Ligand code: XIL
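Take a look at this single chain, the form predicted on its own, given in structure tokens.
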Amino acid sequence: MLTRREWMRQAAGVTAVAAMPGLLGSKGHAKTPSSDDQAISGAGSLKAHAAARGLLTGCAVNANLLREDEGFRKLLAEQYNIVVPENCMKWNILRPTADTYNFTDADSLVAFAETHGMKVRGHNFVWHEALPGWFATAVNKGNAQKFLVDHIRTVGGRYTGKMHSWDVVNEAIWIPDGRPDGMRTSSPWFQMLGPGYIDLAFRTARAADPTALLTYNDYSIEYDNDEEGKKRTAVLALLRRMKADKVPLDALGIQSHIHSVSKDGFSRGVSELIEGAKALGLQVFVTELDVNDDAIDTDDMAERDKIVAEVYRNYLTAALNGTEVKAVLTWGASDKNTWLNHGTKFRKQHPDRTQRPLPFDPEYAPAPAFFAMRECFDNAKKR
């Protein structure tokens, strides 16, 4: 079993490294790691600590890293028991033309997971973004239903029995579009098929893969403020309507892109989501967790890591308070390839500073967020 120091030495390719700063105790204070803390693989891994509480834990997988980076593959195998594709199951990757599919990267991810005893979440069947260039001219009101149904049948059918869950519809609620029910009218699927596209997608997904847990997934619904409160209310209303209409729906995905600095809390918002899902008999998944650290003023890396770890601790403490959350996935594993560092869109306050939002640093050494996650798993009730 690798220790924290051995992991860092191996990942960095050096003979010695300094002890990692910023390990936090339950109150957020620095502590001296015990021998148990230092074991970060095997029984010390995230997946071992999660499994002890009946939880799944995983991350979004970048297909290029999976293909080219042995250290990344090793990290996945040692730390996680569930994975989700970052991009390779989205339309723009799977559908190079209107009449062809490219399953190369998706097949590789599923095969890797099967080899290592991991579960796979599919992401996603229907979204208003990540559509291929040909979509705008090839898909119209007359054929949109056929495209949607054929896509779900083809992709879902290919992986029937191999998927833990699917994000069937992603981000269908958008309050600024002005509908009373909060539906995203700017989505091409809404524009061509109306609000019925959601039910159609879920019913088609159930027929394509009767065993996968069918999930509605959305973002910016966690915080205790009016804006996210309105969206949260609309999401829960959508789920209630779907259940009342006997639409096959098994889970709510809470994306959980969290801010390192915010005037708002999230305990009430997370509780409302979980209780609302529970009342409908739905499972809950934390699907895309990361912590944007752009708003942290200090450039001191140890201090930034400490703040990020504390946000992880606070958020997961709220999410895991009951037993409804069954899986916790981060959007990526390592700061090496986080989407938050692709350009400066999410680094407006510190455009020249890369973010550190994930449990592993760019050298795949565990960051303080790793230990915060593990501690939260240990403190969670058994599922």
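Note that residue numbering begins at 1 and tracks the sequence as displayed. Source: prediction; values computed, not measured.
Below, we turn to the form predicted in complex with this ligand, even though it does not appear here.
Asks: Judged by heavy atoms and a 4.5 Å cut-off, are K278, Q283 and F377 together in contact with this ligand in the predicted bound form?
Replies: Per the other structure, none of K278, Q283 and F377 touch this ligand.
Asks: Find the only residue in Q255, T204, S187, N81 having a heavy atom within 4.5 Å of this ligand in the predicted bound form.
Replies: In short, Q255.
Asks: Note which of D105, E171, E310, D294 lies within 4.5 Å of this ligand in the predicted bound form, where distance is taken over heavy atoms; exactly one does.
Replies: For this set of options, the contacting one is E171.
Asks: Closest heavy atom of N87 to this ligand in the predicted bound form, within 4.5 Å or not?
Replies: The answer is yes: N87 has a heavy atom within 4.5 Å of this ligand.
Asks: Is K348 one of the residues lying within 4.5 Å of this ligand in the predicted bound form, judged by heavy atom distances?
Replies: Contact with this ligand, no.
Asks: Although the partner isn't part of this model, could you tell me whether R232 comes within 4.5 Å of this ligand in the predicted bound form, counting any heavy atom of the residue?
Replies: Taking the distances in the predicted bound form, the answer for R232 is no, it never comes within 4.5 Å of this ligand.
Asks: Looking in the predicted bound form, any heavy atom of H123 within 4.5 Å of this ligand?
Replies: Result yes; H123 sits at the interface with this ligand in the predicted bound form.
Asks: Counting only non-hydrogen atoms, which stretch in 336 to 344, 42 to 50, 351 to 359, 312 to 320 is within 4.5 Å of this ligand in the predicted bound form?
Replies: Heavy-atom contact with the partner occurs in 336 to 344.
Asks: Enumerate the residues of 127 to 148 that have a non-hydrogen atom within 4.5 Å of this ligand in the predicted bound form, in sequence order, or give none.
Replies: Contacts from 127 to 148: just W127.
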